[in-house]
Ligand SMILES: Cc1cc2nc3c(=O)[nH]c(=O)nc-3n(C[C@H](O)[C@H](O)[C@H](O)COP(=O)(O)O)c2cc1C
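Presented below, as structure tokens, is a lone chain in the form predicted alone.
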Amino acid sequence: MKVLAFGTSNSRNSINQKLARYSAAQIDDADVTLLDIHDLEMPIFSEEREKESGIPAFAHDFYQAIGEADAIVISFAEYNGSYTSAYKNLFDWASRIDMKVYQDKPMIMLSTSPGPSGAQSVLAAAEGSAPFFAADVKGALSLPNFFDNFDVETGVVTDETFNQKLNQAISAL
């Protein structure tokens, strides 16, 4: 199974990237491609830019990476209670290729933050809008208090309840 995994922060030290990497690694016999959206930054979307220059190549690359995957693991970072601007911009550009950005791929949606909410607001928004963008969500999980529940040195989630729920979601892929 080809799995595309990424966090939605453009930070090189993204905790959501770490969670996406860990979660994808739990899928047996998966060929995992880790995507770093930091490498896909482009001008802020506007209809005028699209008319002047077309859709940027990075948006096409993102859309194609989703298309080539059999499943997706995405971990949403939350900035001020919502999507990160880097991800929202990438997603907006990709949606101009096709509104069905997720291309009916089975996916696990995750989120985490250093605090007790675990970025649940953005996860709820992502899960709620998923059907409009052709996402087949098999599970949505939040990991609160990232630094209390993730061993950064070993790259492992230490919260057993989360791991059990993650395994259930993986089995649905």
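The numbering used is simple: start at 1 and walk along the sequence shown. All values derive from a computational prediction rather than experimental measurement.
One more form of this protein, predicted together with the named molecule, exists but is not displayed; see below.
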> Only one of G54, G67, P131, P114 has a non-hydrogen atom within 4.5 angstroms of the named molecule in the predicted complex; which is it?
Replying inline: P114
>> So in the predicted complex, is the named molecule close enough to N16 to count as touching (4.5 Å, heavy atoms)?
In response: yes
> Would F91 count as a contact of the named molecule in the predicted complex, using a 4.5 angstroms cut-off between non-hydrogen atoms?
Replying inline: no
> Do S23 and the named molecule share at least one heavy atom pair within 4.5 Å in the predicted complex?
Replying inline: no
> Can any non-hydrogen atom of A77 be found within 4.5 angstroms of the named molecule in the predicted complex?
Replying inline: yes
> Can you say which of 117-125, 41-49, 102-110, 134-142 gets within 4.5 Å of the named molecule in the predicted complex, counting heavy atoms only?
Replying inline: 117-125
